[in-house]
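Let's start with one chain on its own, the form predicted alone, as C-alpha cells.
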C-alpha cells in the first residue's frame, strides 16, 4: 500500500508507551498532538523534555521538534487530527479482566469533539482490551458520543502494540508484527500507513476483524509466557536431576525450528505490566465463553511458585538470618518499572524468613518500594556487596559485571545466585551457583506450589 504522508495524529495518553509513540511519529515527520489529563506531562512535552524515563525517548522528541506538541484539551486535538490513537491504562479487576473505564472516557471526549465536525476521522485503540470489548462496549460508546455511524466518516480500529518497557522505541520502529483489527479497510489502511512511516524494517502487518485482533493480542503474550514457564519447569527438573543443566537442555530444545530459542531460558519468573495479566486475562476470556484454559492457568501457577523456588536456593546457601543482596529490582533491565517484579516477590519472601535483604538497581530509586519498609534499597552496588552473605542476580544488567571484582576488593566471598548466568561457576572471589543445575536431590527442599493470588 502507499505510505500515508499527510496525516496528523493525536495520541491520547502520554505514559511510557503513549509518549514514546507520539515522539516516534513526530520524529518520522508526522504532525502529532498528545493529549493527557496531567498538565505536568503536557508542559514537559511542550518544553521538549521527556516526561518519563525510557531509553531513546529524549532523542526521538528532539528529532520531532515542533511537530510534537501536547494539550489537555481533547476537542482541540481531535479537530486538528485525522487519526486518534488511544493509549490509556486498562487496569485489571479482581478477576483478571481488563477494565475499560479510561478508554471509554477518552472515547466519549473524542466522540463529543467529532459530533461538531463532519471530517473523516479514524480512532484506533492501542490499549489492551478483553475479547469482545470493541464490539459490545467501545464501538457503542464512540458511536453514541459522536452521533456517527461506522463507515462514511468514522473508522474504528484495534491496534495493540507488542513492546517491552526499556526498549519501547526499538519495539515500535522494528516490530515483528503490526496487528490491525479494523471496522473497514479504509480505516485499517490509514493506520497501517502511519505505522509504515516509522518502520526501520519490513514487519508482517495483519488486517482482521476486531474479535480476531483482540484474541491474537493476548494469545501472543500468553504463548510467550508459556515458553518462559516451560523453561523454568525444566530448570526445576534439572535441579533435582544430578548432572543435569537447564542451559544445555534449553539450547538443544530451542535448536528445533518448531520451537526456537526466544524466551526459552531457565531464569526468573516473568513479570512486568503485560505478561502476567495478559495470561490471566486469556484464561478469564476463555472461562467467559465456557472454555477451559488449562494451559494458561498452569503457566500462571508455575510462574507464581518461582519465588519460593529461588528463595529455597538462597536459603540453602546462606546462613540462617544472613544478609542477602538482590541485584536487579525492576522486572527487566533498562527500566524502573516494578510491576510484578520477581525481585520484589523474592525480597518479601526472604524478609519473612528472617533475612536482612538489601537491593540495588541502577534504574530504581531508594524510595521506590514503600510497601516493603524492611527492604533496604541502596544507592550503590558496593553497599550491597560489602554486606552480603549471598547475592542474587535477578536481571541481566550490564552494570553487574563488576560484582566479582567488588567482592574481592571488599574481602568478601559471598555465594552468588546467578539466575541469568552472567558469570561462570569458576569465577575467582565468589562462589557462583546457577539455578537449574542438578545437585544432590536431598539438598533441594521441594518448593510448595503456590495458589493463585
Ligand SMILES: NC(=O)c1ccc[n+]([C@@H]2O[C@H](COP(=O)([O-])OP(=O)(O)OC[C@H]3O[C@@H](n4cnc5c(N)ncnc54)[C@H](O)[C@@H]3O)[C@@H](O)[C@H]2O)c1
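Residue numbers count along the first chain shown, from 1. Only a predicted model underlies this, so the values are computations on that prediction, with no experimental measurement involved.
Only in words, not in the display: the form predicted together with the named molecule, which the text now covers.
- By the criterion of a heavy atom within 4.5 Å, residue 193 is excluded from the residues contacting the named molecule in the model of the complex.
- In the model of the complex, the named molecule stays beyond 4.5 Å of every heavy atom belonging to residue 230.
- Taking non-hydrogen atoms only, residue 429 never approaches the named molecule to within 4.5 angstroms in the model of the complex.
- For residue 36, a non-hydrogen atom is located within 4.5 Å of the named molecule in the model of the complex, even though that partner is not displayed.
- Taking a 4.5 Å heavy atom cutoff to the named molecule in the model of the complex, the contact residue among 222, 161, 146, 84 is 161.
- Of the candidates 89, 354, 260, 365, 89 is the one whose heavy atoms come within 4.5 Å of the named molecule in the model of the complex; the others do not.
- The candidate site formed by 267, 390 and 394 is entirely out of contact with the named molecule in the model of the complex, as no residue has a non-hydrogen atom within 4.5 angstroms of it.
- Note on the interface: of 206-214, 162-170, 292-300, 138-146, the segment with non-hydrogen atoms within 4.5 angstroms of the named molecule in the model of the complex is 162-170.
- Residues of 265-300 lying near the named molecule in the model of the complex, listed in sequence order, are 273, 274, 277, the criterion being any heavy atom within 4.5 Å.
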